[in-house]
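Listed next as structure tokens is one chain, alone, in the form predicted on its own.
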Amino acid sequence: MDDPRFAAPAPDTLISVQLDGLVALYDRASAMTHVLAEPVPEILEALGPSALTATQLLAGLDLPDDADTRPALLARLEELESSGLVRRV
């Protein structure tokens, strides 16, 4: 099975502010501000600028690699990719 690799922007290109359970994230590259809820900030932090597969990311987040969790993670990664916060490499 193909396990694509995903990477987040370098931390120095993002400005993050906590807002009562949410995170406002300003992306300097796109000049866009994103309001994120759990688990998205955790996913971005775990990814960092490294390119990780879903398998590696699940392990890094200490989540099970099962029939429920993997599709949910891939769906979040696709949403982040469409918003420009994650890129497939």
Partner chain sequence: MNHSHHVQVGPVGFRIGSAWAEPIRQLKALYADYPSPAEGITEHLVRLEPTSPMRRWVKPSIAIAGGYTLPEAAPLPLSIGLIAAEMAMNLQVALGERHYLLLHAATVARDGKAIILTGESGSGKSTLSALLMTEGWRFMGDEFALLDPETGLLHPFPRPVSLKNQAMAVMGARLPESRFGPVMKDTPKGDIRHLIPDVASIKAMHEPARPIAILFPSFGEEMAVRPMGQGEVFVRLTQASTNYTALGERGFHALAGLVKSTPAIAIDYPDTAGGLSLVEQVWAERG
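For clarity, every value in this text was computed on a predicted model and none was experimentally measured. Residue numbers count along the first chain shown, from 1.
Form predicted in complex with its partner chain: not shown, discussed below.
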Can you pick out, from Ala75, Ile15, Ala67, Ala10, the residue that has a heavy atom within 4.5 Å of its partner chain in the model of the complex?
Ile15
Verify the contact flag for Val35: yes if a non-hydrogen atom of it lies within 4.5 Å of a non-hydrogen atom of its partner chain in the model of the complex, no if not.
yes
Do Leu80 and its partner chain come within 4.5 Å of each other in the model of the complex, heavy atoms counted?
no
Under the 4.5 Å heavy atom criterion, name the residues of 15 to 36 that approach its partner chain in the model of the complex, in sequence order.
Ile15, Val17, Gln18, Leu19, Asp20, Leu22, Ala24, Leu25, Tyr26, Arg28, Thr33, Val35
